[in-house]
Every structure is written in C-alpha cells, then in structure tokens.
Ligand code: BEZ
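Before any questions on binding or motion, here is one chain by itself as structure tokens, the form predicted alone.
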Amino acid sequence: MQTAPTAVQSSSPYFDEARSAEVVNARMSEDADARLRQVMSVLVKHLHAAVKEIEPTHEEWFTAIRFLTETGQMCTDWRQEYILLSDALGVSMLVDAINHRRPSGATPNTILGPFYVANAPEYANGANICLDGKGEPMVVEGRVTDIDGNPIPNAKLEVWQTNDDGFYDVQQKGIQPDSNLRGVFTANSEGRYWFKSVKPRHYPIPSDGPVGKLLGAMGRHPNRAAHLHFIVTAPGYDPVITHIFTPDCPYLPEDAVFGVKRELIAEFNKIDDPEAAQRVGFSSPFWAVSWDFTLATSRKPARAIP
C-alpha cells in the first residue's frame, strides 16, 4: 500500500528559489529534538530570507565562507574569535538581555567579557587590587541590597579590570603581576563593601584578526568604553554580571560591543584633599566612586558562572 504524501511533499520536495527555506526545513525528521527543530527552522528561514534580499555573487559568498573559516582558525584556548564576533554584532548583549529580564530597580546585567578568570584572590574590604602601581588611585565603595533596600550581608563581589596600559593581566603574562586588578570581596553585615584600585581607562578589543578587519571595513573602531567588571552573588538572589562605566569616557555612546547601559554610568569624583587621601592610604589626589548593587530574588536555580 502506498503512503500518502505530506502537504509539503505534495507541493514538491525539490528545491526552488521561492520555497527554498520551506524545502530545507521539511527534510528535518519529526524524531529530531523539538528545540533543535525550532532553532534550525528559524535560522534557515531567516538565513534564506537574508540571502534573497542581499542576492550575493558567488565571489561575495565565498568571501563570507573565508571570513568564517579565518574566524575559527583564530580561536585558541584564551581567545574566542566567535565570541568576539558575537560581541561586535551586538548579539551577546541581546542574548544577555533576553536571559536577564529583571524587575524595575534591579541592577542590570551586561556581558561577561572574555577575560573573566575564576578563583581570583579573596581580599578583606579596603584592600588594593592594583599590584603594578600604574594609574590614578581610586576608591570604590557601596552597598549590596535587595529590591526593597534591605542589606544583603556576606554578598560576594568579584571585580576585574585592565591596567592603565589598557591590558588585562592574562594578556600580559610575565609583564603584569598575576591577578593584577582582580579580587573577590565580601560585603559586611550591613551589605557594605569597599576596595582600592585605579581609575579604569578605555581599551581596544583584539583587532588583529578577522573581526577587527571587519570592523575596519565597516568604518567602526574597536574601543571599549572605560569600565570595571563585577559579578555580585548571594544565596537566593539572581547573580549580577555587570560593569560600571566612567562618565567622561569618549567611547560611552559607541562602545565596540554595545555593553554600555545608561543605568551603569557611575559618578567619579576627584578628591584633592590630603587628609582624605591619608585616611584611605593614598598620598595624592584620588577618585572616589560610590556604587550600590540591587539584587532581585532568584526565580530559578542558580547556575555556576562559566
């Protein structure tokens, strides 16, 4: 007995330009994972739509293939060029926004970035994480609270940033001290934390690979706005992966990876008071930053930071 054709097969299982995405998606097995079917169907649909709108030449298409090949070849254990591509196209920030929709008042997320390192040194409040002595001294202090303003005692704060030359320690092994400008702090019983560092500066994302060449071809620069990275965690609350940005950086409105959110631009106050400097252990003018983190109650099991 002959099996009746499906609706798609009855119209034609063979490729044609008008129905290209429909024909490709019809080849997926009904036994395939449901989420995979959904994801691949959408990707094929939009990829085919883009090709039809662009109408690339064969030469242009092979240029795209070579670009993707070179992007993969650039990846190493410490450099992920595909993540850099995702960042530069704003996709990383979009995925992050979709996965971290929070109630009003909660500190917003931004991207983790490629230079996070687990198991940074733990310090007491007030310690200085700048080990190379470069840069303008700075004090950062604040509180960790819930949405209602109640303190969250013993919240953990991981912080990391570039040095005054614009490099993370892992980019300059043997040049910077290990764990330079990295540290983990624990908020006290009132949810307060404070530490010493140096004022962050802007820096370029790696631009010596295919992603950097693409940015150049599009007339875009590779610079990130000056910032400090934070991960703030406490049991029962959503982890916050975020930055705080300096208000005077020229790259705020054009951060290369779209990481700036208006709510994350902090106040940096220059303190030119010898007595105040002495109280915090500095001998010269310093920058003071006050920044509070507001955590939302977790609505799903906590996941480990990658």
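Start at 1 with the first residue shown and count on from there. Everything numeric in this text was worked out from a predicted model, so none of it was measured.
Another form, the form predicted in complex with this ligand, is not on view; read the next lines as being about it.
Among residues of the shown chain, Val257 is one whose heavy atoms approach this ligand to within 4.5 Å in the predicted bound form. Taking non-hydrogen atoms only, Ala234 never approaches this ligand to within 4.5 angstroms in the predicted bound form. Residue contact with this ligand in the predicted bound form: Ile147 places no heavy atom within 4.5 Å of it. At the 4.5 Å threshold, heavy atoms of Ile205 reach this ligand in the predicted bound form. The three marked residues, Asp87, Phe115 and Arg224, each reach this ligand in the predicted bound form, with a heavy atom inside 4.5 Å.
Heavy atoms within 4.5 Å of this ligand in the predicted bound form are found in one stretch of 175-183, 105-113, 207-215, 137-145, which is 105-113.
Contacts between 225-253 and this ligand, taken as any heavy atom within 4.5 Å in the predicted bound form, involve His227, His229, His243.
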